[in-house]
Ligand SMILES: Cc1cc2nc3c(=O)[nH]c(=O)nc-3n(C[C@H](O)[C@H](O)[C@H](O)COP(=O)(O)OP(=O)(O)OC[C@H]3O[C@@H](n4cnc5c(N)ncnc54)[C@H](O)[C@@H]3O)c2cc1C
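What follows is one chain in structure tokens, specifically the form predicted alone.
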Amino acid sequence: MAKSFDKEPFPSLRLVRANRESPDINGKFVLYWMTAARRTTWNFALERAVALAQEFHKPLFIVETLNSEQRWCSDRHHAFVLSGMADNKKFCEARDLRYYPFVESQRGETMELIEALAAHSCALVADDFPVKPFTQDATHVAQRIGVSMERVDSNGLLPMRATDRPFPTAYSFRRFLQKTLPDHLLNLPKAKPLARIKLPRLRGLPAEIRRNWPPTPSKLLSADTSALSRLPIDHNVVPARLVGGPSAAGKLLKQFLRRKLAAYPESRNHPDADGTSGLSPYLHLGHISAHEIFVELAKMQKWSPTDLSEKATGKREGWWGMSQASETFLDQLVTWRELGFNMCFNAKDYDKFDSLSDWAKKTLAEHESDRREYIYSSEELEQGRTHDRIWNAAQTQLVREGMLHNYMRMLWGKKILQWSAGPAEALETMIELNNKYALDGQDPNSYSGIFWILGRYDRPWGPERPIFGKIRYMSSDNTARKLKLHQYLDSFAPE
């Protein structure tokens, strides 16, 4: 298999010039601004930064930043990211690489730091991530610096720029993937882009950098409660027990492949079975790469690209040439996850109600004035105070653990639609609760799940129902009949 995955030239579809400036060969270093691919392995952006440093014969300088005054910043999200920053610092220090972790304490500090560092650099390489806070920050910096800036896509197996349109269904996107992905599967990022590289050592930084934007101290990197308390973030959303970072992600992947994958098709929908991978938060924060997951799975399956089917049927199974369990998992990791990136990259209104299909908006509008047996306020929903024990359990899991079981997330959203005064209000509630509490909030994949509730990627369903119209309906009673829920309910909604 290793021979089949020989490294190709750097893929041009992964890289975009963010401004019209030229590199400065007199700069002191090549700057890599780490924000989305928060890892030192399987990272196209880091690989590109290393290549530029080698070309210019300059040191490499890695700065990983964490904003503090954006909406939904909290102790929970910061603690998870900080665990990864601690991992990256340890990795780089062991290899005598210059790594600079920075957590801002006031709005705008991150932008100021990057602009100041760019003024001393040959070029700036940044992660490319299609969610608005990231694209807005990157655009802001690109317009204000005087050296070349590149954004590099390390998000999925398919480059986001492989298509210039959003796909309306998973079937149509899957069929496109099956036609297009073989050309990209051989072009993997280097597993260890920092291994065996020879670069000049960066002796020191300009004094004003450390004075004006000091690196994050070890106490904060350890997510110390007192250190977190001094940041301008939401301290009511407390850290979850799940630990972030590339090290934790790697261990979780091994456990999933060894212990859970074989039963994945049967167990993933049952909360009591604990059959999901649990990798979503790590993928979202960039602590693990979809490429690494795919390669580890392929190795376990003794798979090679020659096993791919030549027919692009759009079917969920049969194309990869792997086991049923592996193909079911890959449909989640590749088709559904990257469908979300496709939407966020190509549709600037991806998070707006108007981005729904015409049929979905029409049927929801026709039933907006339907009588609702229950209408709950946003506060009642946030606190899990409804008449529905199963829904309360799902909301409690979200608030307590920062995660929602995959199947329960669907029911969670459907009931919010049913219990809200209107579909636009339901959408606002889902986005607020998900992004506030979920460790994988503000991710293209989580926006896919939220908008699927309202008909995105789906089709009209019958019979037409009150409130839902032709939107797919789900009920707690049916969920209780289909799923194994006893332990889940005892844990999150005990009677």
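Note that the structure is predicted; figures quoted are calculated from it, not measured. Start at 1 with the first residue shown and count on from there.
Missing here is the form predicted in complex with this ligand; even so, the following discussion is about that form.
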In the predicted bound form, the residue from D458, D440, E47, E432 with a non-hydrogen atom within 4.5 Å of this ligand is D440
Work out which of T135, N392, S280, Q301 lies within 4.5 Å of this ligand in the predicted bound form, going by heavy atoms. S280
How about W336: is it within 4.5 Å of this ligand in the predicted bound form, going by heavy atoms? yes
Does this ligand get within 4.5 angstroms of any non-hydrogen atom of Y350 in the predicted bound form? no
Check whether N346 has any heavy atom within 4.5 Å of a heavy atom of this ligand in the predicted bound form, and answer yes or no. no
How about Y264: is it within 4.5 Å of this ligand in the predicted bound form, going by heavy atoms? yes
Can you say which of 216-224, 93-101, 379-387, 405-413 gets within 4.5 Å of this ligand in the predicted bound form, counting heavy atoms only? 405-413
Even though the chain is shown alone, can you say which residues of 28-57 have a heavy atom within 4.5 Å of this ligand in the predicted bound form? none
